[in-house]
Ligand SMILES: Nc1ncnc2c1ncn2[C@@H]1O[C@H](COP(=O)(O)OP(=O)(O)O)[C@@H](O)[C@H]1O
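This document opens with one chain alone, in C-alpha cells, the form predicted on its own.
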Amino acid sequence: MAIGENISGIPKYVYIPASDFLRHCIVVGTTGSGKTTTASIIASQLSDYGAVIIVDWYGEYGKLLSNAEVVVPNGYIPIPVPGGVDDIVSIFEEVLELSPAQSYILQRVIEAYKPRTLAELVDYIETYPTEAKWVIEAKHALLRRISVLVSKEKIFSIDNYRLFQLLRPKRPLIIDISYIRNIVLKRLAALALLKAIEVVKSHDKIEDRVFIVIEESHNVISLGKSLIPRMLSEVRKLGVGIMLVTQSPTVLGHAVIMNCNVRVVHSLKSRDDIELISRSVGLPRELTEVVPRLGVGVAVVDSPSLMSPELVRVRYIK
C-alpha cells in the first residue's frame, strides 16, 4: 500500500504492507493537519485486502471516499450490541461508568431474563427485587443511566448483526454517527461495533480480514477502564486490525500507542503529545523537533516494515 512520497533524503514512494495494519495503526494530528484525509487514503487501500468499517464521528468520510457505502443506523439496520452477559456488562460498565453494585444488578438481570431489546432490559431492571437499601439505590441509579439509551432504541439492537451483511470487497462501509448528539451514545456505538466485530469473527461469521477505523478515538477511550487496550492485544489473532484516529494521543496513553505498530504522526502542538509520541515511536531528535511545524498532509510515518521513520507527504498514488 502506497502511503505517499518521501520528502527527505532520496525521493521515493513509501509503501507499507497491508498485513502491518493487522497489528493496528494510530493516526494523530491537530485539527486541520490532514489526519482524516490520511485515514481515508489508508482505508480505501485496505478495502482491497479485507472488509473495512469506518465509525464516522463527524460525517466526513462519505465525502472523501467515493467508493464507500454510507449507513445511518436505524431500526432496520441497527448498531449491534452483543448479547452475551460478559459482553454487554463490560460495554455498559465503560460507557455508563457503572458502580460495582450497578454492574452486579445488570449482570443478574441479563442472566435471568435474557432481554432482546434495550427497552426490555429497562423493564426487567424495574422489576428486579429490592431486598436491601443498597439495591434500591443502585437500581434507580442504573435506570437513570440506561434511560438515555432507550430514547435511541431504534439505532441499537441486541444480537442483531444485519449491519455486517453490507460488508463488500473494495467497498468501505461507513457508519455515520454524526447525527447523534449525545457523546455517551456515540461512545456506545463505537464500543458496541468493536465488540460485535470481535464476537462475529470469533465465531467465523466473517471470513475476510476486517479493518476498523475509529475516528475521534480519544472520546471513545477516555472514560473508565477501556475495552480498547485489551482488544488491541487480542483481536489481531482473529484477523482484525484497528485504526485509531485522534488529536489527543495523551488521552490514549503510552500502552495503547505501543500496541499500534503503524504510526502516522501529523502536526502536533502540545508538548505532552509530542513527548509521548516521540518516546513511543522512538523518533530521532531531528524528527521530533519538526513535528509541530509539519504542513497539512505531511506526516512522520513509522511501521515494522520500514527501516526507520519516514517524513512523508501523504497522498493517493495510482
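Note that residue numbering follows the sequence shown and begins at 1. Keep in mind it's a predicted model, so treat the numbers as computed, not measured.
Although it is not shown, the form predicted together with the ligand is what the next lines describe.
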query: Exercise: S66 in contact with the ligand in the predicted complex, heavy atom 4.5 Å; finding: no
query: Contact flag, T36 vs the ligand in the predicted complex, heavy atom cut 4.5 Å; finding: yes
query: G297, heavy atom within 4.5 angstroms of the ligand in the predicted complex; finding: yes
query: Heavy atom of G32 within 4.5 Å of the ligand in the predicted complex; finding: yes
query: Answer range among 43 to 51, 254 to 262, 270 to 278, 23 to 31 for contact with the ligand, defined in the predicted complex as heavy atoms within 4.5 Å; finding: 23 to 31
query: In the predicted complex: members of 235 to 259 within 4.5 Å of the ligand, any heavy atom; finding: none
